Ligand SMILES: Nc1ncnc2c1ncn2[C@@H]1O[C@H](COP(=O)(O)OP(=O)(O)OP(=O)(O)O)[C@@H](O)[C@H]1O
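As structure tokens, one chain now follows by itself in the form predicted alone.
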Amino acid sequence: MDPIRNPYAPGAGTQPPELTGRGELLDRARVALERVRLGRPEKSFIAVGLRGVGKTVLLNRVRRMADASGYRTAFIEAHEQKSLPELLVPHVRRILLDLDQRGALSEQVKRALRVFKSFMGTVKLSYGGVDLALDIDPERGAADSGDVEADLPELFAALGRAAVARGVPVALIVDELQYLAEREMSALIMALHRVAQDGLPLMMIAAGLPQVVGLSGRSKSYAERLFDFPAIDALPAEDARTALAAPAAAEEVEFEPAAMEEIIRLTAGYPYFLQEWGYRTWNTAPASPIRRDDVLAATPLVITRLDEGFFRVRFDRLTPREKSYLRAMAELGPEPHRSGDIAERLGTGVQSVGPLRSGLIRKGMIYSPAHGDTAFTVPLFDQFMRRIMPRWPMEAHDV
């Protein structure tokens, strides 16, 4: 069929043609945004789920909702190479300068800029020569201690009061939250706690891998009272069918039931994989209706694409020992496994692989769904590990 008319949209954070099965979460976000805009108390929330469930897609949709409601928004993607203060600085600067230009002189906005200037003085920035300087004196003694747990609440409070002065709410949209260090997460929680106590119109809607829940709890015991943690999972079969059928129907193309069920079986209902299989199957099928044979013919192309991109980019970040650990997990199957069983497969003790496991959790490759259990954060990664390391155990030079 005509590839130009192909409606499917595989890609990192790419909006799918049919965002199905996420209405409840989007409604929750809409209510939270409107309550905060009206000055009413509301929890921030952190959506948690595995790779490929569409967390970034949802955050982008929430950002558009917030923009449409008059919010000043900051979309931040956390990662291992920058600290939380480094990530925040350019966005907070932009928001404050926008508030400063929106009407008559405001002492609250000017003070927020001075507090921000103080905060900037504690942050080691690396923006390749980009000028982030402000022609304003710092607010001495405010957000300038160098202790992020003390300084970030001061900055957020000043930003929130500036937002009140201009009648404009602020939303921080944060993706990949699991990459924050524990102390940074603690500072973020304390800062949001401060603005909630003061009733300021600043909120956070974030997403991350399942370990975010544990990270938040370890950082501050009151995190569960400050945030909701809605889970995002694979789509139920009916929603998965809609995600495939609706875009095709808009192009006057149909799926035979057997073709639809084969894609759902192969993808386990994960939205990213649904888009990949839908895209490749469309380009493979000669005409409507799309048949099961078309799906089978497209599947090797999909697997090659996933192996070379979605899976490989994560695999290449691993050390040989980390690869062996994940290969041992794959040998046991896709479900969660006891740490002792993985160690036994590796022929060693649980304590000796503890640092490996911790490193893989920090890299976002695995998480602990229950005490002592370990599971992949990337759906179908066990199948990839068996493809990429067919002989196992393997020596490091074989990888």
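When you see a residue number, it is the position in the sequence shown, counting from 1. If you're wondering where the values come from, they're calculated on a predicted model, not measured in any experiment.
Although not depicted, the form predicted in complex with the ligand is the subject of the following passage.
In the model of the complex, the ligand sits within 4.5 Å of a heavy atom of Leu235. Taking the partner from the other structure, the ligand in the model of the complex has a heavy atom within 4.5 Å of a heavy atom of Val57.
In the model of the complex, Glu18 approaches the ligand with a heavy atom inside 4.5 Å. Shown alone here, Arg51 lies within 4.5 Å of the ligand in the model of the complex, counting heavy atoms only.
Interface residue among Glu176, Glu139, Glu184, Glu262 relative to the ligand in the model of the complex, by the heavy atom within 4.5 Å criterion: Glu176. The contact residue chosen from Trp282, Phe255, Tyr272, Phe119 relative to the ligand in the model of the complex is Tyr272, the criterion being a non-hydrogen atom within 4.5 angstroms. You can rule out all but one of 300-308, 98-106, 272-280, 211-219: in the model of the complex, only 272-280 has residues with a heavy atom within 4.5 Å of the ligand.
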